[in-house]
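First, one chain by itself: the form predicted on its own, in structure tokens.
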């Protein structure tokens, strides 16, 4: 490693330490920014000699990254990862610079940044989960991300890919690749995949698959398949039996296990055992003690697809629900997506509209005939609801709740 790179790493670590001790943040982003400002090619240097796997998706990439890392560790493989969720170049540089020894890196990467980091990291594997609408004012339409991913696969035809066969945008993105392992995860959210990404005709959806009558574009055959709480593999069936809640986490786990088994050659049962007891990922699904001694579980939801999955999980449960929404840059400043989420699933539950955009949430709940109270402070809202409480929060509210003090 060059002298400039070593200086960059030292300066970055000092900046991160200063950020943490002054309470300004976790220090990861500022650390990486300082590093890259001093050594712009640092990502290439700290990634050199490593086997790098990149995990990306609109929803679930943080959890999938952690699950894949744990599956590899279960086989005794030392792994470095950006476990804080800092998934742009600064965060990647900080993570790799902080932990230089492991020869395997499993890195969560923001969807837009995948094309920019594949070459500097000399990535050998892409793990691609899903593409849905998310923060249109920042990211643009789903198609724009799919085009970027397709360009990566087209310009790196020998790059190994593990991909979700049930998402039309992902399938179209991966078409140019020659080394693909497909895993069928199911597509509970289809509102962003009504038309064929190849020819724009309407897709035909069955219970399990999609196909286009106009051009023949269709869901590929997948040797790996999620069947309820079981991952079906060419060698047999693996019970997931996760501690993490929800169907969406079974999808994340199926994707991670497929990558561990098919690409890294990890024994299936050993890999599954390595992820079963994981209960929390970067604050997701954590619990917080309320003033009266009850626990409240905190979940992150960022966009219509993510919110819908969380609400489907909550609908049959006997829980009170706090909906905490902000509209900062990291959340997306446009909250109109609220009208695409089926909040009607919460009818009959004790519900609170909360966060800085509590009134926007309340209007949507009124239209959905969901009885609720309005309390901008999620803590006060949770304390005021009966029984078991789940707080579903947008990104900046989630960060405040899981890293701040209750």
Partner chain sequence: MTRESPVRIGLVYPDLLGTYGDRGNALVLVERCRRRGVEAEIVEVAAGEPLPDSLDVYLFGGGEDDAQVMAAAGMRASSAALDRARGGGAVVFAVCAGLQLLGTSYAAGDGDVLDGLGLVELETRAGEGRCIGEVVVEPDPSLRLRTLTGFENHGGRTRLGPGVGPLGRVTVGHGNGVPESDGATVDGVLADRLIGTYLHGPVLPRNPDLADLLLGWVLGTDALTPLGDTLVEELRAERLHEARLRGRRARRRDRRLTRG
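Quantities reported herein were computed from a predicted structural model and do not represent experimental measurements. Residue numbers count along the first chain shown, from 1.
Another form exists, predicted together with the partner chain; not displayed. Remarks below refer to it.
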Residue 66: touches the partner chain in the predicted bound form, heavy atom cutoff 4.5 angstroms: no
Considering non-hydrogen atoms and a 4.5 Å limit, does the partner chain approach residue 141 in the predicted bound form? yes
Decide whether residue 360 counts as a contact residue for the partner chain in the predicted bound form under a heavy atom distance cut-off of 4.5 Å. yes
Under a 4.5 Å heavy atom criterion, is residue 61 part of the interface with the partner chain in the predicted bound form? no
If you check in the predicted bound form, do 202, 344 and 366 all have a non-hydrogen atom within 4.5 Å of the partner chain? yes
Tell me the stretch among 156-164, 295-303, 190-198, 115-123 that has any heavy atom within 4.5 angstroms of the partner chain in the predicted bound form. 190-198
Can you pick out, from 133, 288, 150, 263, the residue that has a heavy atom within 4.5 Å of the partner chain in the predicted bound form? 133
Exactly one of 277, 334, 229, 179 has a non-hydrogen atom within 4.5 Å of the partner chain in the predicted bound form; which residue is it? 334
Need the contact residues for 372-386: heavy atom within 4.5 Å of the partner chain in the predicted bound form, sequence order, or none if there are none. 372, 374, 376
